[in-house]
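Same chain, two forms, each on its own as structure tokens: structure 1, then structure 2.
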Structure 1
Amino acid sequence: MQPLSIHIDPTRCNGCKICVNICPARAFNVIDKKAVLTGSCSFACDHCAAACPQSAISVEFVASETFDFTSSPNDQGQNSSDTPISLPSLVLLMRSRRSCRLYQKKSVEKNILEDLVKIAITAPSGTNSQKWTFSIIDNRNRVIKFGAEIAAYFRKLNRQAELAWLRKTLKFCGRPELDFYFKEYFESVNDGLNLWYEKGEDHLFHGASATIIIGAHPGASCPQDDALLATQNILLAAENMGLGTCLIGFAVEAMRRDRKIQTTLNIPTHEKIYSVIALGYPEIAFQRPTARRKININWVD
């Protein structure tokens, strides 16, 4: 969804390019030392405004959600004696987590990655099956190798998607997926592939130095739910530890479609993968949390 408007205040902007580097849709440019919006803001993620050190960017949504709470009378929440963390602190942690797309070269220590997995498994799981699986890549070179396998998958997919006759035939046979992919993703994936192969730029893992791949053994009652709840635990705990994270849906999709990728990671093919998290130390600190669109609650009588 597009935001209502993005406004850049040229009197505040100092041309630092943080918005250029942080925007996942690559919608910004700096021209004559001032940020300008040259592309389409397809993510409406609010990252540009949240990261701008000059507060020069404002993103207006149709209506943004406020984060005032009415359920707790004070800062500590109603059960402050039982709860080790206040509600405002908890929500601030949740609101501060951002998808990080710019990482330092620094590696994430093995013991931190291990701790994140221990924190992950405090999540609930359907019928308490705890059949989640975790695979960790802790060095940048291996992340790049993983990325190359994913890029190769998407290069092949894009070559197929380019063929209009193939898209039409599959659609005619009741398989519209390739046609949908072509309309929705072909162009942005193509841009990403060109940057990967021609410039060595990593717009897949965004330069992350580690990844955690979360899956499930067969036989869990709700494997995807379990894996994603464990995933969210990692995202929040990592934020609290000063790490940046980003879910990489493209990697999950490639691993699902090309089981060889899983084999090269020594992940048995009977495990199903539900999330891939890129991790690392963030290059840029966000100045404030991002906005969220207004939600309408359906109160059921």
Structure 2
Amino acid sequence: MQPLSIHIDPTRCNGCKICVNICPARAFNVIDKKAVLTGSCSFACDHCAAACPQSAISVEFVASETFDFTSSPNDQGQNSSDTPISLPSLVLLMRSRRSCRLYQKKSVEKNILEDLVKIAITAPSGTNSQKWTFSIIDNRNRVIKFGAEIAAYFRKLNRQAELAWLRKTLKFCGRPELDFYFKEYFESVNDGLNLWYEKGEDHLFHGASATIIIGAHPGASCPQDDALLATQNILLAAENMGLGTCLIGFAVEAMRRDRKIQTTLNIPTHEKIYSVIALGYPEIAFQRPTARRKININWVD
């Protein structure tokens, strides 16, 4: 977290106590009808400045250019009520996003990829730690190289999974993961590996020209949740920009089990990876939004 500086303008403050009530760290008090910072700000949430009706509080802890977007016009509204988004439009955007597995050869512009990361960090994070990490591959050749590293990991894993004695031994020792993998994933992964090595077909990234890898620095209170919330922001924003996306869970698993893959991407080993997104311009446009199975809600008294 960057150093935090909070300033209160006493000429503007009218002692309304909104900052006192809204601060999750209980860092404010009103003394002599003026707000005073009497505690330590541990959240850096900016709630105090955002809620102050007199604009008496300013918080300086992020670069001013954080939300300067270059791929689309900036929204300079003070809050969401200034330019409301209709709920039907929002839901339609959510329903329109599908996992894309067929991409054009066209590259995604760097400024768009950068803006997607800026949009990602509007997501909430546990205790407002904001310890996300983002690594971007913006060219198809490097995506292929990344895919080759993942394929090599799973080829090794499949060779181990083929050994019945090894699966049984590990299961007997209380480690049934390899046996489960063999039953659930071995065949489909093996088919994908054959296509990769024999025909050069990419059934991992599906021809995507870019990837965004999302992780977290140590110290976040709930890093996986933070990363996945940021991921969802990227998926929805990319859909709105006309991009296709697909989450690549096999890449996350390979990087978790073989840290050398992370090293080849120049991602520090202290970062833990939680999400890999394939991005590109879709080859086919879907004509209708997604459907979902009926959901049963458990109403708790």
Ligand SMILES: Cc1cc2nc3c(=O)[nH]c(=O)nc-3n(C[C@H](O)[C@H](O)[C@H](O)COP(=O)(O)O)c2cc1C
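Here, residue number means position along structure 1's sequence, counting from 1. Because the structure is predicted, anything quoted here is derived from the model rather than measured. Definition used throughout: the rigid core is the maximal C-alpha set that superposes within 1.5 Å between two forms.
Looking at the condition given, the form predicted in complex with the ligand, one finds it describes the source of structure 1 alone. The Cα shift for T263 between structure 1 and structure 2, taken after rigid core superposition, is smaller than 2 angstroms.
With the core held fixed, the Cα of I284 is displaced between structure 1 and structure 2 by less than 2 Å. In this overlay on the rigid core, R293 has a C-alpha that sits less than 2 Å away from its partner position between structure 1 and structure 2. Summarising the core-aligned comparison between structure 1 and structure 2, the C-alpha atom of C13 is found to shift 69.1 Å.
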